[in-house]
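Just one chain is shown here, as C-alpha cells, and it is the form predicted alone.
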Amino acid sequence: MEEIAALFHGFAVVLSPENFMLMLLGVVLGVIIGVLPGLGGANGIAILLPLTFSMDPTSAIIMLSCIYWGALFGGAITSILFNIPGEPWSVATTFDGYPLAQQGRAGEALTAAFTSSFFGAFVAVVIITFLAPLVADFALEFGPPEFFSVYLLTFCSFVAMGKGSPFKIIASMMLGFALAAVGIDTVTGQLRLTFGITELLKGFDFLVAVIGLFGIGEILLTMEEGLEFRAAAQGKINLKVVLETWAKLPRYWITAIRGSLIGCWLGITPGGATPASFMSYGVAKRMSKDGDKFGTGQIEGIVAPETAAHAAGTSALLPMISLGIPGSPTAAVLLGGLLIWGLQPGPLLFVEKADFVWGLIAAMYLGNIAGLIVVLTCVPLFAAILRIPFAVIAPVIIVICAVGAYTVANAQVDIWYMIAFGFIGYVFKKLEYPLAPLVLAIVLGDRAEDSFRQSMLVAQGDLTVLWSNWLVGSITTLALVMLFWPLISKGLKRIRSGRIDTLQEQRPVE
C-alpha cells in the first residue's frame, strides 16, 4: 500500500500544468522521432538531452521518458504503412502489418499495433511499480564487491544476450572502457591516455559521444542509403475501425500476456526490445493455430511483437532506477541525463529523491495513455512527415546535434569530438559492430572501475572477495557463465548433434 500512496503522489507531480504540457510535447516529439527511420529513441533522447539542462530534473525526466514512449509508438507507423521499420524492434511488425495495409486494412493494423504496445507497456509499468522498490531496498545492503559483480553481470549479459559476433561485442566494449579511462584517474589523480593534449584532461563527455555515435552516425548512414518512402495505403483511422479492432483483440489475450512476459524478461536482463519482438513473434507463430498463415496479414502477428517490444523497452528502466544499471541503450542515455542533473541513480534514489522516482513511474502510466491517444488521432499527420525530403530533415538534425554538443560545456572542441564520434558510429554500423556495448562501457566504465578498486583495497588484492558471500559469489559466477555462454552453447549444440548422429547410426534402416 505504501507504493500505491507514493504512486498517487507521483501522479500529482506529473499532472501539474507544466509537467503535463512537457509530457504531451515529449510524446509528440517521440512519435516524430519514431516515424523517422533509423533515428530511434536513444538517438532522439541523446540529441534533445541538452534542451533539458535548465529544467527541473523531474520535469526533464518526464519529458525525456515520454519521448521514449512516443518513439516506441511511432516505429509501428512506418512499419505498417511503408514497410520501413522506424525502429529495429519494429522489423517483426512489418511481417504481418504491411500485408494487412496492402489489403486495405491499414487502420485495423495500426489500431492493433498501438493497443498492443500500450498493453505491453502497462504490464511492464505495473511490474516496475511493485518490484523496483523491493530491488532498491535489497540493493541498499550492497558494498563495493556486490556493485562490481552487478556491473560485471551487466557487461557479460551483453556478450551472452547480444546478437552478432561476441568478439565484436567485446571489442566494442573494450573501446568504450578505453574512452572512459581518458582524463584524470579519480583514485590516484594521475593523468591517463591524454598524450599531453590539454583538451583531453577532462576526458570525453558522455553526452557528446552519444550524440556523435547515434545522431551523426545514423545521418551519415542514411545519407549513403538514400531512403525513399512509398506508402502502401493511406494511414487513416476512424472511431468505427478502432472499436471493431478492439472487439477482435481479446481473442489474442494469451499472445498478449505471453509477449508481455517475454518482453519484461528480456528488458530487465539486457536483451533489449528487438530480440524480444522477434522471440515473441516466433513463439506466437509456433503456438498459434493460425501459425502457418503468419506473414500474410494476421492481427496476432502484430500483437505478439508489439506487446513484447513495449514491455521490454519499459522494463529496461527497472534496473536503471533501482540499481543504477541501464537495461538498454536508451536507458543508458537516460542514466547519463541523471548524472548530468546531479542525481545518483541507484537504491538511494528512492530515499533521497522520492518525487523524482515516483514522478517518473507515474509518467510511464500517463505517457503511454497520452501516446495511445495521440497516435490514434494523428496518424495521417505523422505519416506525412515521411513526405518531407530527407535533404531538408538531415541538416536540421545535424544543427540540433551541434548545438547540443556545444551546450554541454560551451566548448567548440566538443563539436569536433562529436564529428569524430559520428564517424566512429558510421564505421561501426558499416562493419556491424554494436554501439550499445560501447555506450554502456563509457557510462559505467568509471563506476565499475571504482567499485573494483575499492573491493581490492578492502580485500588487499584478494580476488576471492568476489566470492566472499552467497550473493556476490552467485552474481559473479553467473556473470562468468554469461561471458562464456557463446562457447558453452556451441559445446552443448555439438554434444546434442553428436547424440542425434549416434542414434541415427544405431537405428536400422528399413
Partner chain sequence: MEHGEGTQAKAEKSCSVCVVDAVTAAILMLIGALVMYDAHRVGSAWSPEVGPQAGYFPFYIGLLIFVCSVVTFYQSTFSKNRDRSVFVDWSQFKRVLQVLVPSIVYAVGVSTLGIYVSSTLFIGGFMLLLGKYRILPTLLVSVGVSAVMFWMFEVQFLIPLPKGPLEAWLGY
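Since the structure is predicted, the reported quantities are computational estimates derived from the model, not experimental observations. Residue numbers count along the first chain shown, from 1.
Separately, the form predicted in complex with its partner chain exists; it is not shown, and the next lines address it.
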Out of 427-435, 198-206, 367-375, 288-296, where are the residues with a heavy atom within 4.5 Å of its partner chain in the predicted complex? 427-435
Of V351, L134, V392, A247, which one comes within 4.5 Å of its partner chain in the predicted complex, counting heavy atoms only? V392
Only one of V241, I257, A178, A409 comes within 4.5 Å of its partner chain in the predicted complex by heavy atoms, so just point that one out. A178
Using a 4.5 angstroms cut-off on non-hydrogen atoms, would W341 count as touching its partner chain in the predicted complex? no
Taking the shortest heavy atom distance, is V283 within 4.5 Å of its partner chain in the predicted complex? no
Please determine whether W416 contacts its partner chain in the predicted complex, using a 4.5 Å cut-off between heavy atoms. yes
Close approach of E141 to its partner chain in the predicted complex, 4.5 Å, heavy atom: no
Any chance all of L220, V399 and R453 sit within 4.5 Å of its partner chain in the predicted complex, going by non-hydrogen atoms? yes
